[in-house]
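We begin with a single chain expressed as structure tokens, specifically the form predicted on its own.
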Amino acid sequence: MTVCTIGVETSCDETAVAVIEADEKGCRLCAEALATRPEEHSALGGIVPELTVRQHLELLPRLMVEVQEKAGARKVQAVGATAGPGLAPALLVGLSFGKALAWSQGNSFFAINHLEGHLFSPFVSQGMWPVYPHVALIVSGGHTLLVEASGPQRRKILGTTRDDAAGEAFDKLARMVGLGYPGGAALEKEARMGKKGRMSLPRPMKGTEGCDFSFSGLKNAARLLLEKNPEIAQPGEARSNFCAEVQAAITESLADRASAALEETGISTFTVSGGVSANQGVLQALKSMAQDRRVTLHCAAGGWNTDNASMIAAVAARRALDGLPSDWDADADPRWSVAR
């Protein structure tokens, strides 16, 4: 049996649509389209929910036409749309659009957990279905958590952030030194020109009991360092060294917490996904940690590591293959947990 599904993703500021074709062996991306306007949010200092809603309403119809043209004359059997977690107004746009599309075409509809999409992405980006059990690190601008997935619907949160997400910390620290918003990628680039250890910043939660994360203390320490050394915020060696120290602090924290989760569970398959997994320094540290622990690492490839509709379509395809009922009564849930 082969199914073709459409995925719709509007959990934050990215507007995305994708078409997936899948069977029991795995899935294949047929077409995708994504649009975002970071410059508009940057001018306002961050994500503005009302602005995201306007963008989704404007962009979704165009992206849907674009994706359907790319996908060709494939018969769609199901539609999946992100129902949470995320920004409530943004979620409602995509959820309503997905339901209307499915109803108009006589297709099944599935409300998809955005984080479940991230759990799928390291596997489905390689064309395969998830392998169980595995430990997953989801690390992005809005989420930082470790999940034990022992089966398709059996998931346990091992650790989560007590305050800010890692991606949020990258962005805010980048903005402190004038690298703009979002600034995670700019900070990583700047860090390559600097040297860690030239300044001193804490490694949040490293070596502590459990698997939780925390990044608010790092931000506060960085703020105090900048108050005493304002030259750090100017282009030059000091700023590069500061970025290298930030990069090292967050990276070491992520690798340490992931190692603790693998130690706790004894599981030998580890995955990483989310926008921060595109950071090459973070990815290399996680690869090294996995190699030291002799576990198999699966990384979300290419555009699958950031927010995308392909992973949403893939989860919907799995639901359709399993014959699960449609979710016509589903509502948006901004705090929807991935645990089962």
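On a predicted model such as this, the values are computed, not experimentally measured, just so you know. One rule holds for the numbers: they count along the sequence shown, beginning at 1.
FYI, the form predicted in complex with a small molecule isn't displayed, but the following is about it.
Interface residue remark: H134 is not counted as part of the site for the small molecule in the predicted bound form, having no heavy atom within 4.5 Å. None of the heavy atoms of Q55 is located within 4.5 Å of the small molecule in the predicted bound form.
Taking the partner from elsewhere, G183 is found to have a heavy atom lying within 4.5 Å of the small molecule in the predicted bound form. Using a 4.5 angstroms limit between non-hydrogen atoms, N305 touches the small molecule in the predicted bound form. Partner contacts here mean any heavy atom within 4.5 Å of the small molecule in the predicted bound form, and among 166-174, 193-201, 212-220, 124-132 they occur only in 166-174. The three residues G141, E188 and G275 all sit with a heavy atom within 4.5 Å of the small molecule in the predicted bound form.
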